[in-house]
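As a starting point, one isolated chain is supplied in C-alpha cells, in the form predicted on its own.
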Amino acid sequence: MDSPLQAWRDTLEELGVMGFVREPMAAAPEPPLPAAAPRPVAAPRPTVRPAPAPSVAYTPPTDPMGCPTPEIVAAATTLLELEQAIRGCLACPLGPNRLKFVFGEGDPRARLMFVGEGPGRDEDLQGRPFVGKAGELLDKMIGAIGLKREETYIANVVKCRPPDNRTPSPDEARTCLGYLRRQIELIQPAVIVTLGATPLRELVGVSEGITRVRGQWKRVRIGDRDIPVMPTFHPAYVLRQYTQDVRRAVWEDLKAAKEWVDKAEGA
C-alpha cells in the first residue's frame, strides 16, 4: 500500500504504538426496535340518528269564519247559507292545504243522497264532488237506476282533500261531520247511499268492512228523523275491481235504494 496512510501505519508499528489505533470496525447493527404493541381495536361507535322533529300540533283559528261554531251551522236555513257559513273553515289541518272547498252539489230537495269519503285531486281543482274517473262511473251508476246526477245530491264526509287522497283521520272526519249532518237535515233525503267504508263508519257508526255489510240496510238518526242507509262500494273500488260480481253487487244496492225512494214517494 503506497498511500501516505500506509506509510503512517508502518511508522506507528515500528514505534510499537499501533495498538492504540484500533482498526476501523464496521458499525454494529442497531438492535431491532421492540415490536409495537398492537393497538386495541376501538369498539364501533354507535350510529347516532338525529331525533325526529317533534310534530307540531295544528292550532285552529278561533274566529267564526275559520272555525264555525255549532250555533252558526245550526242557524243556516238553506244549503246556500250553510255553504257561505263554512266555506272558510280551517278547523282541521286539511283546510290550509286545500285548493277549493268542496261543499257538495245537486238537488236541494233530493230524495236520494250519496255520501263519499272526501275530495280527490280533480275535485280539489274544480270544487265539485265526484268529477274524476270515479265520478264518471257514479254518473253511469245513477243513470242505470233511471235518475240524473242533478236529481240527486252528492257530498262527502270531509270538504277538503286529504294529502295523497289518504283516508281522513277520525279527528278530521269528526271536525267536518257536523257540516254533513246539517246538509242532510236541510235536504231531508228519503234514502242515503254511503260509498265505501269511511262514510259508513263516520256517519252511521258501523265499523265493519264494507264487503261484509254492503247491501244491508242501516239507519242513521239526523235531527228528528231516522233515515235508511244503503251501504255500497265506492266507485273507485269498482274501477279497481271491475268484475262482474262487483258491478252486479253495486247494481243490486242502488236498485234497492231506488225502490225505497219510489215507495216513500208513493206513500
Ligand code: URA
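Since we're looking at a predicted model, the values are computed, not measured. Numbers follow the displayed sequence, beginning with 1.
What follows is about the form predicted in complex with the ligand, which we do not show.
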Handout entry: Segment that reaches the ligand in the predicted complex - one of 77 to 85, 109 to 117, 169 to 177, 184 to 192, heavy atoms within 4.5 Å
Key = 109 to 117
Exercise for the section: Examine His234 and determine whether its closest non-hydrogen atom to the ligand in the predicted complex is within 4.5 angstroms. Expected result: yes
Handout entry: the ligand contact in the predicted complex: Gly95, any heavy atom under 4.5 Å
Key = no
Practice task
Enumerate the residues of 121 to 152 that have a non-hydrogen atom within 4.5 Å of the ligand in the predicted complex, in sequence order, or give none.
Solution key: Glu123, Pro129, Phe130
